[in-house]
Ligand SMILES: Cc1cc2nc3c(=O)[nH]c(=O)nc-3n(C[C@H](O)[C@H](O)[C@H](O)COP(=O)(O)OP(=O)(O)OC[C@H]3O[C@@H](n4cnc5c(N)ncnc54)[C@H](O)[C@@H]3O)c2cc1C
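First, one chain by itself in structure tokens, the form predicted on its own.
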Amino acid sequence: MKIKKVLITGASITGPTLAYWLHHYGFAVTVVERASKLRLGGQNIDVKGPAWAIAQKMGLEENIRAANTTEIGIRFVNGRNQTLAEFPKENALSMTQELEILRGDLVQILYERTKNNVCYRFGDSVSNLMESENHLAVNFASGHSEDFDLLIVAEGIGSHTRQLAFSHPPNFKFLNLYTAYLTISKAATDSRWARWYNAPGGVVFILRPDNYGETRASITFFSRDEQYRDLTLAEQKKVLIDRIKGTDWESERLVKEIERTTDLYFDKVSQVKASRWSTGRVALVGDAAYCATPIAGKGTDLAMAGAYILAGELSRGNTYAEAFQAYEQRMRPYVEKCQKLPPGVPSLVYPTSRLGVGLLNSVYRLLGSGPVQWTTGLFSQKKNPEMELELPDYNQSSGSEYL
């Protein structure tokens, strides 16, 4: 097969997964990342379903198991830290999955698997691109210029390269939520159980163990308006502290942690709904194309499945345009299914009044009761989930020339 040059922007989960499979099919791959090094922060993610199947195809099973966060389940608690309900990871109602791994650990694993076969460029980004009949001329912020056959944008929801390549932005569906992540010191109240606390005002706290002796905290709050834009780190901290101060439980502990942290992610929670995922020699994959938000619980599946299918279709398509179309036709139904949230979500899970919190806590108690858990266990399919997406074996049909 004639070797083709592909540029990928973004070195999180999607980009390196795509790079692995493109190299596997004989492409020459460059990954450019705006950050000066791998961004290894982030919270727990689960590797299941399509993501787990792809990880196994990549030979990463043991690496992922070795990096397990040790979380054994989730407890829903009240303001006095009393357990309302608990669901071990084996329970179908548990947020904890069999394989929980920190986002940064998975990024590191994917990078280690690909770094010897893929050209990584950190601290750089695409500043301009010009498409001709035969190639893409790409200019980088560093001043470097280079021609590529294809450009795949594997960036986040606010992708800059997507803005350069597409004349019209995608639709963003704001879910009336803002979320923040940070790593905090482990306290005596922390254990191998994750803890979830609903506070009045539409605030949800989640504290989860990691495999480094620290605790990963997330704070999500309800907001009707997209009022927090382009904030500095100090401004982000003030917004969070103002929202959580005096909300009981361990809010004061978290206020102190927020004040001193430099490891803070803060952003609105929105889905990306793009009418098309490609234009000319450029295609989108992952959050830049179809972010489902952490609420959907499908981010890793969508990232790795999209990368696997896009690379596979490029390996067997007669033209890149045909491959892009096949990738979108195969992935879009799955994306739309993942982006469809249950009725009442997120508003029912983020009640703003004390009465609403009390009612939700009663639901937690009911779900955590012995009879309900026993009944749920009878019908649980968690250990053997039905495959949600067909993953073709592209090894049997690769070899296109991309005319």
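As the structure is a computational prediction, the values presented were derived from the model and not from experiment. In this text, residue numbers run from 1 along the sequence as written.
The discussion below concerns the form predicted together with the named molecule, not included here.
The named molecule is not drawn, but in the predicted complex it has a heavy atom within 4.5 Å of Y181. Using a 4.5 Å cutoff between non-hydrogen atoms, H160 counts as a contact of the named molecule in the predicted complex. Of the heavy atoms in K57, none are within 4.5 Å of the named molecule in the predicted complex. In the predicted complex, at least one heavy atom of S125 sits within 4.5 Å of a heavy atom of the named molecule. The chain is drawn here without the named molecule; in the predicted complex, the stretch among 193-201, 268-276, 281-289, 74-82 whose residues come within 4.5 Å of it by any heavy atom is 281-289. Taking A51, V29, I45, V335 one by one, only a single residue has any non-hydrogen atom within 4.5 Å of the named molecule in the predicted complex, and it is I45. This chain is drawn without the named molecule; in the predicted complex, the residue among K89, K237, R253, R103 with a heavy atom within 4.5 Å of it is R103.
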